[in-house]
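Okay, here we've got a single chain as structure tokens, the form predicted alone, with questions on binding and movement later.
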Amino acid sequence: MSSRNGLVGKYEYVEAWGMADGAHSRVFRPRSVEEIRTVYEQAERDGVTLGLRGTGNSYGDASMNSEGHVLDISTMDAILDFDTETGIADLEAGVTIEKLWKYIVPLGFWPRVVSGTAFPTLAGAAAMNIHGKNNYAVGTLGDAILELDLVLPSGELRTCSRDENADLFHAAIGGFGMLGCFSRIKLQTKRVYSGDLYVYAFANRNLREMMDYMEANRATADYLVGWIDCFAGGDQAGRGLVHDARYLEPGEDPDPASTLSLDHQILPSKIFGLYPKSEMWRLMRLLCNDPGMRFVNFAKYVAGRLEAMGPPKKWRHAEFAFLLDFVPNWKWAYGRTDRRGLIQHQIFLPKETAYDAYLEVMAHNRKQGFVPYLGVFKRHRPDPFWLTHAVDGWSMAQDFRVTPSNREALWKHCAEVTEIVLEAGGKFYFAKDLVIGHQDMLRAFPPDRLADFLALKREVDPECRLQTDLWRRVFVE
């Protein structure tokens, strides 16, 4: 089980974050570039493929490799340097978003782009080119990356930027780990003058109101995110709540040293100081069914209307950014055995077709009895990365519950939704996907970019050593 230099590979169950899929693989955790090379060599000696993995926060099979070994980068997590004048962070690629923000926020900085959870590694976040609630304003994580080191399957280390190895830079970011292993990432962070944000709430009665509000405010808002009650239909389809967050300007916070402290940012571990958040998933499980979630969504909508009647509130950066971390292991409410869990179908649509297509998708969900338990809506802008999911338009993330009895029908339903999206010129996001197929991918992404990516894959990985279940599902006919 050990390689020639003593690096141990352990057989483990490697699970999709949504728990709806998983596979046993031999997992290696290198601690240096040299050990990354050793893992490559081990996979070659064993005659198997190698999949790359961070902390495993992709909802689907993006970091699973049921036909070979897995390289887990999470133990390479040193903060190499941080420049307090420029806000440039130089990091080993296994550093998590959580480790980064906790290091820089007391210094008056915040990551330019974060996901809804703080736990992904920068390697995984770059491989998926994550976006945040401010995508329309600052772009994806890739737009904040200045330079990266990539260890190719040959063992060669290449430093890439917009000026050096530019094609590899733009293909590897968003290339879901199919061109090489990130070992170092240098990125730009943002200076902030308070640990708090002003958060405004707008309760929208339907999707048209949500989209109109976001369009009217995206020039001034630093973050915009919408929650949708997917159970509502008719003229209330798309009803929900928009949170509009804005940074505090210099001098607006009377005590920035206090609000930028970790003590202020880290949320309490108990609800009302009494019930542990770590146990809340057990209570949530009682409501994790169609009637229960219909009630939860209605109650949230009513609460949102009340919230919108009040003045803006101050939220901590971590509180606003990482809502998915508010209840630890909340996904367990969906079930923890027999590949139960959830899948997320996140669909991206250009602004010209988005409104009508989203209404059609929501109506089809209700008609077929597959209503998402959570719907999240965002505004986006294009970026220059080769396999980008981003569009000048919108995204809607839909969380569907997976059970042994509904699995086959749910996948069929998602295929029908996928067809609606493709007809409207839409795209999908590999970090969230577990359902699209090869032909869907060919229709969603520009053929010239796909051809360029595959040509670069053949150049840097001629034996196609780097593979995952996602690669085989979506890129292999």
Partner chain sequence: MPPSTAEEARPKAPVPRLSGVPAHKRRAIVVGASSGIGAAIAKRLAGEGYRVAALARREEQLEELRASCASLPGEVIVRRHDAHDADEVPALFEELVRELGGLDLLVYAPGIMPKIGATEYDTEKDLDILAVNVAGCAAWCNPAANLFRTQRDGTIIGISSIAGDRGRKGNPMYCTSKAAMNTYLEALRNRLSEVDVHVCTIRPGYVDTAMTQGLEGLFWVISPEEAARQTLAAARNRVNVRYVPLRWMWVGLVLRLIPSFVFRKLSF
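Numbering follows the first chain given and starts at 1. The shown structure was predicted, so the numbers you read here are calculated from the model rather than taken from an experiment.
A second form of this protein, the form predicted in complex with its partner chain, is not displayed here; the remarks below concern that form.
Highlighted residues 159, 456 and 461: none comes within 4.5 Å of its partner chain in the predicted complex, counting any heavy atom. Under a 4.5 angstroms non-hydrogen atom cutoff, its partner chain in the predicted complex lacks residue 270 among its neighbouring residues. For residue 337, a non-hydrogen atom is located within 4.5 Å of its partner chain in the predicted complex, even though that partner is not displayed. Interface residue remark: residue 200 is not counted as part of the site for its partner chain in the predicted complex, having no heavy atom within 4.5 Å. Although the partner is absent from this view, residue 368 stays clear of its partner chain in the predicted complex, with no non-hydrogen atom inside 4.5 angstroms.
Picking from 176 to 184, 329 to 337, 401 to 409, 381 to 389 the stretch near its partner chain in the predicted complex, with a 4.5 Å limit on heavy atoms, gives 329 to 337.
Of the residues in 24 to 55, those that come within 4.5 Å of its partner chain in the predicted complex through at least one heavy atom are, in sequence order, 24, 26.
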